[in-house]
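Only one chain comes next, encoded as structure tokens, the form predicted on its own.
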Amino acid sequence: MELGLVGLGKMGGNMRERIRRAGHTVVGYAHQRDVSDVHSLKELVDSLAAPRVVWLMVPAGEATQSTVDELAELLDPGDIVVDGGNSRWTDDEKHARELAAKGIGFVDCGVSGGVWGLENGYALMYGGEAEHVARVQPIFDALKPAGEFGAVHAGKVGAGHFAKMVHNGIEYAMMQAFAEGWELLETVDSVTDVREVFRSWQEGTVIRSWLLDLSVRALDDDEHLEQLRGYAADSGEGRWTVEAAIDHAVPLPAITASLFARFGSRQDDSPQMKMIAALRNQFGGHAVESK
């Protein structure tokens, strides 16, 4: 299968490689000419045989909107656009309407896997009409982890990004719990090896998880996280999760508190946020701030 891929950053570049390893043809475009296969969106579209599938991995908001607008003028009826970035689900609904007016299909896809996805595969949550999803299915199959699970057609347009948003909200709360436990262990005099306590939890406990494994990895790199500043950014999905909960009157005390904790990290050098920053760097390659 041929695929056009727009955006070749940490996620997009590795996704291009994984799809190619599965035997598909990927034509990638990015503003960074040294990694791009073509030099414009028009050249990308012209290089693909119709009907085309073009997958976006660009920042949410204006960057995605402008790319969708440009593709709407370049693509033909029967082509499909997949938004694999972190767009808000309400934007998906808007993009689907705009493209449908020109006969172009639209699928939204939440992607999780970070810098580990190239080797381990990406968890995929996608939304859209069944016929459009079916057209993209070979690419979903190439990207997902091996085995039965790791991908889901979550529902109609917007469902994929909504599911990924909730996933990230849960992630916020889980990271916050590990961070709070780590700080408490570091504070008391009786516990003399916090890193090994975390390591011991990796087997036989109900909290064993990939996030716990990444916590141990971070502590192996910097036992007391002394090289990190206690500052953690948020990509927007935590905020959207809380906003959706308010709109639907669903109580989310743990997720909401974890979001507010990140806000607090921007006021003071929070010890808990050192662990959040370390975990985000471990699983997603997100930048950390040194002291």
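Predicted model only: the values in this text are computed from it and were never measured. Residue indices: 1-based, along the sequence shown. For clarity, a rigid core is taken as the largest C-alpha set superposing within 1.5 Å between two forms.
There is another form of the same protein, the form predicted together with another copy of the chain; it is not shown, and what comes next is about it.
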item	value
Among the candidates V35, A244, L41, A60, the residue which, in the predicted complex, approaches another copy of the chain to within 4.5 Å (heavy atoms)	A244
V133, I139, M174, L99 - the one with a heavy atom within 4.5 Å of another copy of the chain in the predicted complex	M174
Triple contact flag A254, Q267 and M275 to another copy of the chain in the predicted complex, non-hydrogen atom at 4.5 angstroms	yes
is_contact(E203, another copy of the chain) in the predicted complex, heavy atom dist at most 4.5 Å	yes
In the predicted complex, G230 touching another copy of the chain (heavy atom, 4.5 Å)	yes
Touches another copy of the chain in the predicted complex: R20 (any heavy atom, 4.5 Å)	no
G105, heavy atom within 4.5 angstroms of another copy of the chain in the predicted complex	no
Answer range among 254-262, 50-58, 25-33, 66-74 for contact with another copy of the chain, defined in the predicted complex as heavy atoms within 4.5 Å	254-262
Residues from 207-229 in contact with another copy of the chain (non-hydrogen atom within 4.5 Å) in the predicted complex	I207, R208, S209, W210, L211, L214, S215, R217, A218, L219, D221, L225, E226, Q227, L228, R229
Post core alignment: R280 C-alpha displaced by 2 Å or more between the shown form and the other one	yes
